[in-house]
Structures are given as structure tokens and as C-alpha cells.
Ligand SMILES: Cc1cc2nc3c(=O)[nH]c(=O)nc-3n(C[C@H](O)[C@H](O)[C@H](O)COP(=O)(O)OP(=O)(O)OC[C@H]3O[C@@H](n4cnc5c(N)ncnc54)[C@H](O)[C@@H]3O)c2cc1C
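One chain follows as C-alpha cells, the form predicted alone.
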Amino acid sequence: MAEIFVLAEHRQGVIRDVTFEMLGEGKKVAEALGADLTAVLLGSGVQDFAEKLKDWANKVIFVDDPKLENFNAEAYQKVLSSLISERKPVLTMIGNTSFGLDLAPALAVELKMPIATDCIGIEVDGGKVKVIRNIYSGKINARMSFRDDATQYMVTVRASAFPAPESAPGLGGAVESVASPLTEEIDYKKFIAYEEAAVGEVDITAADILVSVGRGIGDVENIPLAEELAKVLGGVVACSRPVVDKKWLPKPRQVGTSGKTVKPKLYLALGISGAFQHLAGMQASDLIVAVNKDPKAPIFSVANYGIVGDIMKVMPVLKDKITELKG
């Protein structure tokens, strides 16, 4: 039976969210193609990860090798090239992360396989895989197909483009250990250490409620209004890039592709137009409420609830009403 490969991404003992997002979407694509969904796991001492992934896929194949203890694109490429050449999956899915961007293009070139990067949608049409990508700075979503003679494809998937299922689908996949093809250490490119970015005074990625402000806040003097609203809600203030560029809030508060990806229970977007770079960092939030004067603002395309209005008039009303409801 045909296979779809999903490369599991893990770091410092944690399977990254993009893995489960890809497995959730990969399951739909596999069903449309009549294929098996296979999670591919590389690392050292990853048996426990393999057991965790088996409920998310029809199969889990893992390569356990001390030389794979830390991510090295050169080592991963050698192992994946061997696996893909042998098993010939119809589709290989890799996260469009720093991890994936270091790996996927060179792997596709080596295998002479067509690749589509930073995909936000994957479809099956007439037995062929098609993808959706943003073009023209996110103003247009383009549906793209691979060349007609292609029988295998590779895609990198934007993090948070697909919601991760709330729980494993319980596929109970068979777990298979595969011998590593690596015969020696890769000396010309070595892992040194992980350097985590400073969290700052507030870690917006850990907040359940975010009150996020954009250009529509007007002036730095208006930031305290958002902070008061956030305090009433029990949340913290975040922002879009223009607010950081103006130095109204520090960089650790920025949401988006050049900031942080957040998944709060409530994301209140105030005066944020919704450029695709920002949407990529918050569209997986449980509940999105947007306030903007422009009824055509892209932020409304992902919002669960929207208010067309001036945030300077809406914020005080919201704060007073929430205070009243809380007694």
C-alpha cells in the first residue's frame, strides 16, 4: 500500500506541536489517497516517542542512533534519503520550521523530488496532491499542482496552519525499528548547543488570554488602556510587528512569523489588520475576537467574533462590562 511519511520533529525531550498538526492533516490526505500514514522518527533513545506516536499513525518507523541524538540536517538527510528511496512514499511532510528548512530543500534536490514549501493547505484532486500557499505577501492563496509525471512529492508545512487534533485518533500503528545507515560521525557540521531566546518579563506563549494590539492603538500613550483590559480579563498584552517597530512594546511581546507563535484560549486582536505573518502566529488560538475599523481587514477571516469599530471606543466598554459581569 502507498505511504505518506510525516517526519516527527522533537527537541530537548519534547515532540513539537507541528508534528501532531501534520499527522492530523496527513491522516485526511492518506484517506483520500488510500494510503497508510507513517510517522518517521529519528533520534537517540526515542523508543518512548515511537510508542506515543503509534496512536497517531498507521505505522511508526524509527531509527535510533547515538549519532542522531541532536538534530543535524546532514545526518537526517542521509537517513531519510535511504528510507524514502527504499519505501517510496507518495508524499513526505516536513515542518516548515528552522529544523525543516535546513533539511527539506537539500533532501528534495538529492532525491530529484518536486517540493512545495510553506504550505497552508494540502488537497487531493483526481488522485494527485495539490497544495495551497500564500503569494503576494499573503494577499492571495494560490492552489498549486506538481508536474504531471511526478509520482512522489515533498512538502513543508507551516506551523499552526492546521489544528492539531485534540486527542490521538487511536490508529494503533505498528512500531518498526530500522537500522541506521550512518556509518560515521559527520565532522564538518556539528551540533554545539541550544540557545533559547530570552523570555522577557512576560512569556506570551504561556498565557491563556492575550490582548494583542496593532497599529490601530494609535500611540504609545494608549497602551495602558490595553493593559487595563488585559488585567480585568486575567491576561497579558501582546502585539503585532508595527508596535514593536515603533518601540511601544518589547520584541518578546510580538506575535507572528518574526515573533512568537501563540495558542491561547482567548486572543483579543485590537486594531490589528491581520497580515499573513501575524495570522501565522495566532490563528490556532481557541477563540479569536477581532476589533477593527476596516470591515475588510484580513483579521476577520480567522476571527470567531468580530467588531467593526474604533478600538479606543470599544476597549473602555469591554473593560467596564467585564468588570460588571465579574461583580
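Since this is a predicted model, take the numbers as computed values, not measurements. Rigid core: the largest C-alpha set superposing within 1.5 Å between the two forms. Residue indices: 1-based, along the sequence shown.
Although not depicted, the form predicted in complex with this ligand is the subject of the following passage.
Residues with any non-hydrogen atom within 4.5 angstroms of this ligand in the predicted bound form fall in just one of 148 to 156, 87 to 95, 106 to 114, 239 to 247: 239 to 247. The closest heavy atom approach of Gly256 to this ligand in the predicted bound form falls within 4.5 Å. Proximity of Ser273 to this ligand in the predicted bound form: non-hydrogen atoms within 4.5 Å are present. Within 4.5 Å of any heavy atom of this ligand in the predicted bound form lies no heavy atom of Asp17. The closest non-hydrogen atom of Gly306 lies beyond 4.5 Å of this ligand in the predicted bound form. Though this ligand is absent from this view, in the predicted bound form it lies within 4.5 Å of a heavy atom of just one residue from Ala297, Leu68, Ala35, Ala284, which is Ala297. For the options Gly235, Gly216, Gly100, Gly173, the one in contact with this ligand in the predicted bound form, meaning a heavy atom within 4.5 Å, is Gly216.
Relative to the superposed rigid core, the position of the CA of Lys128 differs between this form and the one not shown by less than 2 Å. The two forms, fitted on the rigid core, differ between this form and the one not shown by less than 2 Å at the CA of Ile15.
Put the two forms on the same core and the Cα of Tyr267 is off by 2 Å or more between this form and the one not shown. Annotation: Glu123/Val262 CA-CA distance longer in the predicted bound form than in the displayed model, change of at least 3 Å. A change of 3 Å or more separates the two forms for Glu9 and Phe276: their C-alpha atoms lie closer together in the predicted bound form.
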